[in-house]
Structure formats: C-alpha cells, structure tokens
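This document opens with one chain alone, in structure tokens, the form predicted on its own.
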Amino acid sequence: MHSPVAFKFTNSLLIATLFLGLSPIGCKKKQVPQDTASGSAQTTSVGPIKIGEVGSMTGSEATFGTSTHNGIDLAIRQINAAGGVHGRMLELISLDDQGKPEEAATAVTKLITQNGVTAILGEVASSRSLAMAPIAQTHKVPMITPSSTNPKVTEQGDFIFRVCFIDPFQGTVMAKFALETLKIKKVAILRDIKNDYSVGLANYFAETFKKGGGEIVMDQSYGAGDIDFKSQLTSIRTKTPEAIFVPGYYTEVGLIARQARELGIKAPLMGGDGWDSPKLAEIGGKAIEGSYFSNHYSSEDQSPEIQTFIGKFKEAYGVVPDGLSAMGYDAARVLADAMTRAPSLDPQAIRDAIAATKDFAGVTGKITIDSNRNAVKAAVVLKVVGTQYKYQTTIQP
C-alpha cells in the first residue's frame, strides 16, 4: 500500500512534501507569523490555521484530485497574501486517497486526529465523500465537498456541506436539454453500478426524461475499472437510441465512446460533471466529439470575475482551469469567508457561519447554502468540440 501524498502550504508559498512508494522526502516548514491582531478570533492562539484536504492525486481519476487541489492552492495563496484569516495564515495539509473510499476514510481520520485540522475540504467523488462524511460528523469538524453531487453526502450530518449543485438538479438539466434543445425522445443509459454518483445521476435523469415524454429504451451497466463495453453497447445498438446517457467518469467514458463508434453507433453521448477532465478528449479522441455534459462553469464565460480567475490560474499552473479547479477554488474561499465571519474558530461557530452563507460571489456562480447544506446555483451544458468544451446553455435551479 502506497503512503499518502501530502502537500503543505504556509503563507503564500507552496511547500510540498511528497511521499512516493514508502520513501518520504522531507522538507522544512516556514515560520508563520503569530496572530497579534486585537479583536480577532482566538487571539490567544498562534501559528497557522490548519485546513485538511482529501483528494485523488493518483489513480484512475487523478485529474479530479490535482485539478481540485490546484484550485484550492490558488485560493489559499491569495487568502494568505491578503493577510489570512483573523491575522493568521492558512496551512493546507493535503492527502491522497488514490481514488479509493477506504483510503479517503483513513486520510480524513488522520487529518482530524493526528494533524488537528480545523476543517476539511474534499472529496470530489461522491463515493469517497460518503466514506469521509460520517467521520467528520462524528468529530464535529466542518467538511465542505467541492464537487460531490450525490444528495446522500450532506445527509450524513449537520457539519457536512457542499458548494456544488446536486444530482437531482443535474439529472433534470440533462433530461431537459435532451428533450428541449436536442429534441430527442429515445435515450439509452449506461451507468457505473459501482459508483454512487453514476447510479444516482442515471436515476434522476431517467425520471425527468420519462416525465417529459421521453423513453428510456435500455438501461445497461458496467463497473468502474472495466475496459470492455462492447457487450452492453451491442445490446444498446439494437434499440437505435438517439443518444446514450453515460453518467460516469472520464476514463471509462472515453473508452465507451471509442467502442460505440467502432460498433457503428453514431448517437451522441451525454453525461454529467464526472466527464470534466482534459483526459476525456485525450482518451475518447474523435469518438467523443459532438457529445454533451453538464458542468459547474464554462471557461468561455467573459465575466470579469471568471476571466480574472482564469488569468491567475494560468499564470500559476500554465493551463486553463477546468470545472473541478473552479469548484476547489470556490470551496476554499467559502470556508475562509465563513471563518472570517465566525466569532471564533470553534468548529461549531465555523459550521454555523458556513450554513449562513448567502449569495457568495464564486467563480462558479453565486453560492447560497440551503437548509440541507447544499448549494443553490446554476449549471451549464458543454459540447465536446475537438479538445475544447464549448458552452451551450445555462440552466437555472
């Protein structure tokens, strides 16, 4: 079993501690200014405020973890450069769960019981957030997932939040897009039965699509890690669907697209935010072109806030940020905003401040946390054109 990958941030500078295999590579930690500001929370406390992050830095969904991590990293650096929170710097301690729920549970336990973090950011995948949430809830440590859309995540307790929309809305978005924009009535579904996110999103899509007069002509399944989908696709082909809804993650989706085209299926694929990775076009190639997915934001949005974020991100990492990066950025900023508004850094006070978040100006849209600790916000639909994801429409909640 590989040791976790750990990243630490102090002040506005990145300090990386990388564990590869069993051999740790150590590094020195910079001194952090003590909090001497009067009137700030916990004025007797000194040193950095520790924030934990759990993500898939390695594994089959590694771009989810690295993209989200880079968004969080940028936010932390900007917050620290502006003076931190209550005069104290934020220190991010990030652990790799390798894309495995059991590793996510181990990582969040370590962050809380050994590292003593004040709050948790993560995970991206719903199955891994579901493994983490009961632990954070038991310890009464606020947890914000940037991108886990399964409704069950925040149902784990009152310390669990998200800054993304949820699958009932995302499923509705894609069903309405299929019916009203694409004008199609016959859709097949190919879902990942090992993935809470995929199963839930498929169910919500099917429900809305059928209510709108559409027909689900076939509902097939696969398991995460599969590489051969031709049996399912051959069955789907007999039903001649006008589109195939594949609410999975980019690794399998790219392969499914290729194999669908090899079997002569020309219908476009449709999916959710689990497609959002530069690897999707790399794996799927021309086979994935002309397909559609829902997402949290579009880099084509010309609003000053989004273009400023994109410019800063490109300056730091050399690439245009994807939706996962934007969600990580917003999650970290929502947490910092709540800690700033909280009367103290007591976990309950931070929890209450997160719950009171209203109309927070995120790069993925205005974020208001509802009574179920979910974000109320819009979704966008993107089309795969070459290696680009082109904006199609925005659908409000």
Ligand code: PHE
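Throughout, we count residues from 1 along the sequence that is shown. If you're wondering where the values come from, they're calculated on a predicted model, not measured in any experiment.
The next section is about a form of this same protein that is not shown, the form predicted in complex with the named molecule.
Enquirer: Though the named molecule is not shown, can you say which of V163, V173, A125, V246 has a heavy atom within 4.5 Å of it in the predicted bound form?
Expert: Of V163, V173, A125, V246, the residue with a heavy atom within 4.5 Å of the named molecule in the predicted bound form is A125.
Enquirer: Scan D192, E91, D273, D97 and let me know which has any heavy atom within 4.5 Å of the named molecule in the predicted bound form.
Expert: Result of the distance check: D273.
Enquirer: Just one of 143-151, 279-287, 255-263, 302-310 has heavy atoms within 4.5 Å of the named molecule in the predicted bound form; which?
Expert: Answer to the contact question: 143-151.
Enquirer: State yes or no: in the predicted bound form, is some non-hydrogen atom of Y197 no more than 4.5 angstroms from a non-hydrogen atom of the named molecule?
Expert: Yes, Y197 is a contact residue.
Enquirer: Flag L324 as yes or no: does it have a non-hydrogen atom within 4.5 angstroms of any non-hydrogen atom of the named molecule in the predicted bound form?
Expert: Flag for L324 set to yes.
Enquirer: How about Y329 - does it come within 4.5 Å of the named molecule in the predicted bound form, if we only consider non-hydrogen atoms?
Expert: Y329: no, not in contact with the named molecule in the predicted bound form.
Enquirer: Which residues in 61-87 have a heavy atom within 4.5 Å of the named molecule in the predicted bound form?
Expert: Stretch hits: a single one, F64.
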